[in-house]
Structure formats: structure tokens, C-alpha cells
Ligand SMILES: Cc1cc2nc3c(=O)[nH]c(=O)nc-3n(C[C@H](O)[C@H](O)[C@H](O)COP(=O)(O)OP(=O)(O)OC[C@H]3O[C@@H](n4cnc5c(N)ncnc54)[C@H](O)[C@@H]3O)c2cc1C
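Below you will find one chain, with nothing else, as C-alpha cells; this is the form predicted on its own, and questions on how it binds or moves follow later.
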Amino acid sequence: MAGSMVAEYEPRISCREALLVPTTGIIDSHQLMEYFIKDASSRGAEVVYNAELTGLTKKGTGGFIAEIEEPSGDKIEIEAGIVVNAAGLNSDKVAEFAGIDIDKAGYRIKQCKGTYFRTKNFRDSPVEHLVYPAVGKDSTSLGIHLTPDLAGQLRMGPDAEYVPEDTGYEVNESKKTNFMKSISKFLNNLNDKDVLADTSGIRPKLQGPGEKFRDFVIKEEGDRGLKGLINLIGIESPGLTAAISIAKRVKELI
């Protein structure tokens, strides 16, 4: 639609043209995870927290032995016929435990930090829709976009910054200037006094700085002699949006 029509939907958005996606929406990711855990538990799954995988060895007769260190420091071994590696930022390390050359396979993760800011006033979102700016085809991210949350406030972000593995989740408030500069290109009359630092996250990308986009990997590794190992590598956005579809694909591979 032409920019003049956008004002009918979002009076404070300024642009030449826009695409309207009427089916888009937001969810509470924490409640979604709580639902998945409750549903899985009701079907006999056991969820174990704060237990670190320290090794994954293929058994000669088939299947795997997972070496796990518990919070107490005790180490246990679990035998499994099928292993689904959905370890996010550490998914490449799990694949490496199993004996895969992650550089040859193209599985090595590059960590990319994204920071968010938000409006400080409760129920003070200047927009009602998710608003994404246009970005170049080789962009590292979707651009700093606008997301009204379930509390009625506005989240802005994330940006994209490749970082070392030991990087923390602290928000660098000095980024606010660049955020305001980016957002002001399409959102009118936002006062920087109404914007506060919010949260950050780290995405597991398969492409590094300056490299072309690579989609995430969902693969059963039987052709590498690791029948029963299913690797989910480099799953960033839209991994949450597509979580159920990804699970269905994994079920097909199993």
C-alpha cells in the first residue's frame, strides 16, 4: 500500500510504501513454554534442569550414551536410541561431542547479540501493529523493528552485534542513540526520554560477519554413521514462531 494509506492504520508511521500482513501477532513465550512442559510431562516426559551434557558417545550396537553432570557434581550416563540436539547456542558443541567435524559440516555457531529498548509508560505504545523497516538482502537482522507487547508497551529491537562466546546479557544503554536514530526514520514524535533499556538475547547464527545468510539445519545424521542423532543447528528467528512445525519435522525424521 502507498504511504498515504498507512496513516489509516498507523498515524505515527512515515513511509513511502508498506506491506500489510493481517495475520501477524504476538504471544507470551514464557506461557507457551510452560504449556509445552505441562503437555510433555502429562505424556510421560521428564524435564531435568541444571544438568549439563558433558559427552555424547555412539554405542557399537546402536544408539548413544549421554554423559550428564548434575548440579551436585555427580555424573550419570543415559542410554538413548534417539538424541535430538536442540541446544541452541551450544548445539554445535553437542554435534562435536558426537564426533562431527563442525567446521567441515558448516555447523559452527557464531553468536550474535540483540538488544531491546522499550517505552517506559504503561499502555503507551504509539503503534498497534508490528512494524518492520525494509532492510538489505544481506542484512544481519530484520532491522530494529517495533513490537507492541501484551502489556500495551512498545518494544524496539533487536539490533545485531557479533560477540565472543563469554558475552553476558547486560544491555548497553549507550546504544540508545543509534536506536532512536534508526526508529525516527519511520516513527514520528518519539521522545528519547520515554525510552528505557530493556533486555537482550544472543542468537545462534550459522553465517558470520559479512557472510551470506544461511538457513538453520534440521538433519538426521545417519549418513555420517550416527543413525538416531537429529541435529537442530543455528535455529534463531523464526525458530520460536515455527517451533511446532519444527517439532513435526523432527517427528518425521524419527
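The first residue of the shown sequence is 1; numbering continues from there. Since the model is a prediction, treat every value here as computed from it, not as a measurement.
There is another form of the same protein, the form predicted in complex with this ligand; it is not shown, and what comes next is about it.
*Please determine, with the chain shown alone, which of 71 to 79, 172 to 180, 86 to 94, 100 to 108 has non-hydrogen atoms within 4.5 Å of this ligand in the model of the complex.*
So the stretch in question is 86 to 94.
*Would you kindly say which of 201, 62, 209, 225 lies with a heavy atom within 4.5 Å of this ligand in the model of the complex?*
For this set of options, the contacting one is 201.
*Scan 217, 190, 197, 53 and let me know which has any heavy atom within 4.5 Å of this ligand in the model of the complex.*
Contact residue from the list: 53.
*Is there a heavy atom of residue 238 no more than 4.5 Å from a heavy atom of this ligand in the model of the complex?*
Yes, residue 238 is a contact residue.
*Wondering, does residue 162 line up within 4.5 Å of this ligand in the model of the complex on heavy atoms?*
Residue-level check for residue 162: no, no contact with this ligand.
*4.5 Å heavy atom contact, residue 114 and this ligand in the model of the complex*: Heavy-atom contact with this ligand at 4.5 Å: present for residue 114.
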